[in-house]
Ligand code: ATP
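A lone chain, given as structure tokens: the form predicted on its own.
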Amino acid sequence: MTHLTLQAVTKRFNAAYAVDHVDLAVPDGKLVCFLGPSGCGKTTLLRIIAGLETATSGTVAFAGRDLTHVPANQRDFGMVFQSLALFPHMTVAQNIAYPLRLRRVAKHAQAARVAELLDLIQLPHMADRPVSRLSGGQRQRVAIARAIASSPKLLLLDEPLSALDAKLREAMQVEIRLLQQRLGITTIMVTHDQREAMTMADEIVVMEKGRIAQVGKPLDIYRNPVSEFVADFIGLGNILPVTLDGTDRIGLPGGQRIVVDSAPRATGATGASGDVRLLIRPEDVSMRAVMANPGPNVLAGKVAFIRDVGSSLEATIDCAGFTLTAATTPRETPDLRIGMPIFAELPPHACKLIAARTAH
């Protein structure tokens, strides 16, 4: 069942389009991430859904009700801002109770709801502590508890983890995801961090220049991006210009031809190198120091750089006319070193042909 629907939503500031004719359906009970670089329109779109911005044109509907011109305080949505916007002069309990007080909920009902939420965010012993004395992760939890205090039908999160350090940020990603699943509340989260989106989302909406570039499950978008922009933004990838001749082989920048499983005609390419790219993820590139019978998809190269992060290695391989990045582990390639000759194999099933980046 789809609860939130956007139809041709557009936001224009003078002649510039911040959001450009967006159509979207958000399923009930799912966590959806708006993902994209700064300035792509994701926060503006979230604010239009919240009622904090008015769309220039288009409609926003929830559960069949047109909310396009309904004020924010009448939409029954909860929101967590990037700054969290907690009241520093109030205690944890007072912050959580604030939206209930605005709705004139009885004091005994407020106390019961606050106690329930404090248990939910695992801070029952901090009810009377000023929020100014909380850690970043604790403040984050309080902000979420306040946003859901009045049992909103939709939860909106605007880059809520951007101010946290890396380790706490990853821990909070899991906490928020588990909390959202426990509550079953439909949630939309804005982020520019593809790892965060991959970790948390049921569905990712990739945005580019005010438009939706692709919508899908995280792994589907990672494995089958529709364009060079999406492939480049979601995870690491080797993206190479290629030439097509109508066969199952493509030409690489160095002149070598390799076999791919994806049909060139599926990309809509004409055969010129300007309109199609080859994508292969680093983890799909196999490295061998010795290869007895190299096939058509085996490239000879030399290790130019190694990024060692302990549990994994990333090797940059200089091939004829281009470079490749390959991901491996110390156990798989124990003797890997800079300058050594290497064979890189590109499995045909892992080679994806995608549309080249276009200007618009």
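All values derive from a computational prediction rather than experimental measurement. Each residue number is its position in the shown sequence, starting from 1.
Quick note: we don't show the form predicted in complex with the named molecule, though the next part is all about it.
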Please identify, from 25-33, 307-315, 65-73, 38-46, the stretch that has a heavy atom within 4.5 Å of the named molecule in the model of the complex. 38-46
Which residue, C351, V9, A18, A344, has a heavy atom that falls within 4.5 Å of the named molecule in the model of the complex? A18
Is there a heavy atom of E159 lying 4.5 Å or less from a heavy atom of the named molecule in the model of the complex? yes
Heavy atoms within 4.5 Å of the named molecule in the model of the complex is the criterion; list the residues of 58-81 that meet it. none
